[in-house]
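Listed next as structure tokens is one chain, alone, in the form predicted on its own.
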């Protein structure tokens, strides 16, 4: 990125806001024109069902920008809440429009990130609809690993994961008992271990083979000034 682009990003993130665990940033159905960049902490986007059930759609982690779709819709189609304490940067719609007008490369990067998120949502749909319990759990672990490794929060196939089995159940479309059983199977097969809020992948090739996993970034290409290059 150019010096102007880096300077703009620095200014954009110059006023971080610290929020507590369980803070609802977006409520489904509300009108809003705010996106958020996560500097630290985890969150979850979700929909609540009439019977009180919850389907978690995604887990924003540090480096993610969320809420862009809500800027284009009249109201938000999902809720967003923090899973841990978090540091966020609220971004109003006017600043996003200014970014696209004045810094098209940053705008392209934002579209790339949105496309990556859409690719992950497609995989979640496939997981809940067609993958069995152990396959979808393996896929979920690998996705988290790749996303956290990208921002320096995973190393040696290990990463901190603040999610409990109730939250995992809402994300994977399983019961908590089933989640516990699947995690035990992964451990017994020496593929991965989830203990004390830390996930360790023991056999990443075996886990990928089990899940049929391919990184979302593998199919995304960015074009700038007529030159194609992978990722950012």
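Positions refer to the first chain, counted from 1. Predicted model, so just to flag it, every value in this text is computed and none were measured.
The same protein has a further form, the form predicted in complex with the DNA, not shown here; the description that follows concerns it.
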Contact residue in the predicted bound form, from 187, 69, 27, 47 (heavy atom within 4.5 Å of the DNA): 187
Using heavy atoms only and a 4.5 Å cut-off, determine which of 200, 180, 55, 33 is in contact with the DNA in the predicted bound form. 180
Closest heavy atom of residue 132 to the DNA in the predicted bound form, within 4.5 Å or not? yes
Decide whether residue 208 counts as a contact residue for the DNA in the predicted bound form under a heavy atom distance cut-off of 4.5 Å. no
Is residue 39 part of the interface with the DNA in the predicted bound form - any heavy atom within 4.5 Å? no
Is it the case that residue 23, even though its partner is missing from this view, gets within 4.5 Å of the DNA in the predicted bound form, heavy atoms only? no
Within 4.5 angstroms, counting heavy atoms, which one of the listed stretches 170-178, 55-63, 39-47, 200-208 is next to the DNA in the predicted bound form? 170-178
